[in-house]
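Listed next as C-alpha cells is one chain, alone, in the form predicted alone.
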C-alpha cells in the first residue's frame, strides 16, 4: 500500500497541475511548469534507492503516485510514467540477477549514476516506438553496431514522450550484424540528450497532447557505458518482467478515468434541468435526479473501481513475486482493463452529462480525448487480451495468428 505521505505529496502536485491542464492541452506543448513542480517535489527519485538519494519506492508506490498525478493532468502523469519506466526498470533488477545475466563490472556504476541523477532532478524518457514496428521490440529497424570503444546507433523513433526536453533517453535498438535467420538481438542504451538528432515537432494528436511525443533521428556514437546491462536481454526482460512496459501505463489511465468520474459528478451536481409538472409550470431540478444519469454514474463507478482494484493487486504481486507467470497475468489484466475502462467510462459519462460536456475547453471533453489512447498504448488492449487468452489456454501467445507482444 502506498504510504499516506507519498499520496499526499502526489495530491499536492496534482492540485497545482489541474488548473493548467486545459491550457497545456490547447498548446500541445511540453508542460514545463508541471515538470518543474515534479522536480521540486522529489518524485523523480521515487523509485531510486535511498542510498542513492531517492525515496526507495516500489511498484505499488509508483501505482499510487501515478494514479494520483493523473487526476491532475493525464499528459503530465504520462511523462512521469516514462521516466519511472526507466528508473524503475534500472532500480528493480537485483544486483545478483544482473550479474547472473553477465553484465560488465561497469554496469552497476553506470546504473547508479543514472539513478543518482534522477534523484537530483534529471528526467528520462523511453524511445522504443517506430512507424512500422510500433513498440514491438522484435520488429525494430533502429540498429546499433560496435564502433571502437562504443556503439554507433542509427534509426528513427516515431514517438517519444518529452522528446527534446529530457536529460536522457532509453533507446531500444537491434544488432545490425546479427544473423537474419535467427531472432533479433535487441538491446537498451541510455543515450544523453546531446546525442539525439533533429526533433520532428509534428505532435498534434487527439488527446494526451501535452506529452510532446515527437519523433527524432538517431545517428550517434555512444560510449560502451551507455549499454544498459548486456546485449540480447531487452526481449527477455520485457517478457519476464513486463510491469514497466505494461502496467505502468495502466496507472495513468485509471487515474484519468477517476478524474473523468469526478468531473462528471461535478457537472451533474451543478446542472439544473426543467422538469414538467402536473399544473404545466416547469420547475428546475438537479440533473442528478434523473435515474438514467445516476445509472451512468453508477456503472462508471463500478467499472473504474474494478480497474483500480485489479491494478493495485497487480502492483502488490509485482513487489512480492516479480517474474512469476501469475504476476505477469495480473500485469496484463491491469493494462487491458485500464485501457478499455477509461474510454468506455468517459464516453458514457459524457453522454450522461449532455452536449455541454463536449464543448471544447471543458475538463470532461479533454478527459474523454485523453482516455481514447489508453487502449492503444503498448501493449494495446488486443495484444494484452491475446496474451491473457493464450495463458488461459496454456499456449504461446506468439504462436498461431496472434502477434508477439514485444
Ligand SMILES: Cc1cc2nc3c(=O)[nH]c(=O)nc-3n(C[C@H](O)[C@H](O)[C@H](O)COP(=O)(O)OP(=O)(O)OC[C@H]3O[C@@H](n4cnc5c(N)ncnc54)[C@H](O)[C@@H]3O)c2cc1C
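All figures in this text were calculated on a predicted structure; none of them were measured in a lab. Residue numbers count along the first chain shown, from 1.
Below, we turn to the form predicted together with the named molecule, even though it does not appear here.
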* Report yes if any heavy atom of residue 107 sits within 4.5 Å of a heavy atom of the named molecule in the model of the complex; otherwise report no. => no
* To do: State yes or no: in the model of the complex, is some non-hydrogen atom of residue 213 no more than 4.5 angstroms from a non-hydrogen atom of the named molecule?
  => yes
* residue 58 near the named molecule in the model of the complex, any heavy atom under 4.5 Å? -> no
* **4.5 Å heavy atom contact, residue 352 and the named molecule in the model of the complex** => no
* **Per-stretch contact check against the named molecule in the model of the complex, the hit in 28-36, 341-349, 376-384, 50-58 (non-hydrogen atom, 4.5 angstroms)** => 376-384
* 160, 86, 114, 336: which sits within 4.5 Å of the named molecule in the model of the complex by any heavy atom? -> 160
* Asked: Which of these residues, 315, 264, 304, 126, gets a heavy atom within 4.5 Å of the named molecule in the model of the complex?
  -> 126
* For the heavy atom contacts within 4.5 Å of the named molecule in the model of the complex, list the residues of 189-203 involved, in sequence order. => 203
